[in-house]
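Okay, so here's just one chain, in structure tokens, the form predicted alone.
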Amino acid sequence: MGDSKRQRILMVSDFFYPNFGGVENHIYLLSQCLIKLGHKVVVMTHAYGNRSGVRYMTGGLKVYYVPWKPFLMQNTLPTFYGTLPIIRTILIREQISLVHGHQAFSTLCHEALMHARTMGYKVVFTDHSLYGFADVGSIHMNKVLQFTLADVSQAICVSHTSKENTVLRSGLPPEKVYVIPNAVDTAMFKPAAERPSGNEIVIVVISRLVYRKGADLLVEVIPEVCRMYPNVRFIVGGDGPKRVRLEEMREKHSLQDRVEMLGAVPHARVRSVLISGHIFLNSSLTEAFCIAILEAASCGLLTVSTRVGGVPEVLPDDMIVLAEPDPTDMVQAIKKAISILPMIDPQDMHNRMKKLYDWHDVAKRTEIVYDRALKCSNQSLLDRLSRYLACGAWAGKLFCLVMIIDFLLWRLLQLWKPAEDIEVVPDIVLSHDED
């Protein structure tokens, strides 16, 4: 563990297993690496179906599936104060020293960070996405983020583009925001022993089929590429509201034998899909950092992607072909990728990815942010309220009122159920083999 003291960390987000996605993988793999560094990590998320209560995962990772059902897009219904009693109980029971919230979309994350700061805990926030500034949804989300980050100890973003976006949206001082990229489990995502043979070129798409992931671009790009290259075949993995458009495109252009629709692909099967192809296609319209690109590159696939958000930061220029989010430009990028495909060595690409991205390195860098957060001075309620007051003429006063009520409710909880009456759970100590 080096010079870092053993910490007790609570990871909080609405997004966790059994749901699959970039945030879910990030929380799980980061937690596992922090446990190997000697820290205690506990995850708090909402109930998924019948999965409610306390569960244990690999390495002794403890997960609290609190009995809140998702309200919209896997988010719990905002309650402001409804989660305070259970969050307080978990913080005391597990003797937590730091709270780490993930994803600006997550209602549970915002509420947990608010309550944790009221109780005097140090908090860290990781932003995984990019947001706009003009539409109603983004304006609302940016104000919520400004409220949450007004009193956060430190923040983490997954790319430099994401950092700029977060600083602009929240007004957080840039020196409090750190850039720590995602990583990939290269032991899981390995190239096939032999590259797919024959003259056929297989282009793989694995993505949620929604607008922001560029599903509409695929509808225009796929038929044009198939027209230009009779030996090209597409495999599309993923599900979503835009799947219907892709199905209609396949029928309209009679491409049933050249465009294979797999539907939702479990994460355990992603590698088997990737190694059946030569090129990975990412058509996102906005992306802070695309883990799918790392997984594809680790499997030895050449990547073609839209030049959006933090994507240009992800891979070296010789491992990715970038295009503007325009059908014509994307077709040209695929054309270029097909021409340089013979020069790509999948095993060499995999070896380079092992050196570029490693979850243990991410954990060590996150550990430094934790240490800096814990060194931040404790502030009184009045000092903290001055930060919220600076959030806007009307919003600032509203935020102050929310925090004052939260503080009073916390004090009432202390009287009703003192911390001494809450049982502290014993730690489960597992031996870890040295890496």
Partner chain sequence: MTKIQLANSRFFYIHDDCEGPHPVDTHHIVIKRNSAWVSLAHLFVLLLFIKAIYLCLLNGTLGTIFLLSMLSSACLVKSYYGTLIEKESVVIIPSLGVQLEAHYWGGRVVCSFIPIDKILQPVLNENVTPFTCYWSLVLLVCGKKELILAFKVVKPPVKLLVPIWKALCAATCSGETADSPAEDK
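Everything numeric in this text was worked out from a predicted model, so none of it was measured. Residue numbers count along the first chain shown, from 1.
If you look for the form predicted in complex with the partner chain, you will not find it shown, but the lines that follow are about it.
- request: Choose one stretch from 391-399, 65-73, 378-386, 25-33: the one whose residues place a heavy atom within 4.5 angstroms of the partner chain in the model of the complex.
  value: Among the listed stretches, the partner-contacting one is 65-73.
Contacting member of Ala337, Ile156, Ile90, Leu209, with respect to the partner chain in the model of the complex [4.5 Å, heavy atom]: Residue within 4.5 Å of the partner: Ile90.
task: Check each of Leu285, Ile86, Met319, Leu262 and return the one that places a heavy atom within 4.5 angstroms of the partner chain in the model of the complex.
output: Contact residue from the list: Ile86.
query: At the 4.5 Å heavy atom threshold, is Ala419 in contact with the partner chain in the model of the complex?
result: Close contact is absent here: in the model of the complex, Ala419 is far from the partner chain, nothing within 4.5 Å, heavy atoms only.
- request: May I ask you to state whether Pro241 is within 4.5 Å of the partner chain in the model of the complex, using heavy atom distances?
  value: Close contact is absent here: in the model of the complex, Pro241 is far from the partner chain, nothing within 4.5 Å, heavy atoms only.
- prompt: Should Gly82 be counted as a contact of the partner chain in the model of the complex, where contact means heavy atoms within 4.5 Å?
  reply: Yes, Gly82 sits close enough to the partner chain in the model of the complex that at least one of its heavy atoms falls within 4.5 Å.
query: Would Ile405 show up as a contact with the partner chain in the model of the complex if we use heavy atoms at 4.5 Å?
result: No.
- prompt: Has each of Gly53, Glu423 and Pro426 got a heavy atom lying within 4.5 angstroms of the partner chain in the model of the complex?
  reply: Answer is yes for this spot.
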